[in-house]
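Listed next as structure tokens is one chain, alone, in the form predicted alone.
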């Protein structure tokens, strides 16, 4: 029994050290003059399931996250509208080194969990694990009032769908490849991202450069 306790303590210390190694990633300022004309972007939008073996540049990641749900006005409002402006949608950024939460106000990535959790996002679709970045869209129902109400869940789905479309259109305009997905291992991913019961996993977008 004593040996088991010692092993558990060592494991916990190891996990703690891993978490401490993860640092806040301050993103570059988004380039708001970048991209194609809007009608051309709609013409180029497509779902892509193959990605080049190349990491996303920090500038491209910065521009994509700002376009997805960044702050675009001095009063803190976002590029994506939300029901009653409750801003219920959070973007988790999952990469091989760990998972981060996008902080739109500070325009930075805050550490959540070390390790590669892309397999939980992929579920049965292995191509997802080849994308250097996966954006996971979560709605915090507690920000909308009654988390159990059907109307709350409906509006959460609408808000997530808007952010997802922002991602798809931004990728088309920035020369990135993505596909919107609802498939994922919900239980495993919720545990990895340390989600609360009121946080609803709804969609994800693997993102990379075209192959």
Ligand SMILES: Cc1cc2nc3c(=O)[nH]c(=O)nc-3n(C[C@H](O)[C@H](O)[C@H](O)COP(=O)(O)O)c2cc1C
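Positions refer to the first chain, counted from 1. Bear in mind that the values here come from a model prediction, so they are computed numbers and not experimental data.
Another form, the form predicted together with the ligand, is not on view; read the next lines as being about it.
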| item | value |
| --- | --- |
| Contact test in the predicted bound form: residue 180 vs the ligand, heavy atoms, 4.5 Å | yes |
| Residue contact check: residue 203 to the ligand in the predicted bound form, 4.5 Å heavy atom | yes |
| Contact test in the predicted bound form: residue 72 vs the ligand, heavy atoms, 4.5 Å | no |
| Non-hydrogen atom contact residue 151 with the ligand in the predicted bound form at 4.5 angstroms | no |
| Interface residue in the predicted bound form among 46, 31, 146, 58, criterion: non-hydrogen atom within 4.5 angstroms of the ligand | 46 |
| Contact residue in the predicted bound form, chosen from 125, 85, 130, 108 - any heavy atom within 4.5 Å of the ligand | 125 |
| One stretch from 62-70, 22-30, 182-190, 152-160 that, in the predicted bound form, holds residues within 4.5 Å of the ligand by heavy atom | 182-190 |
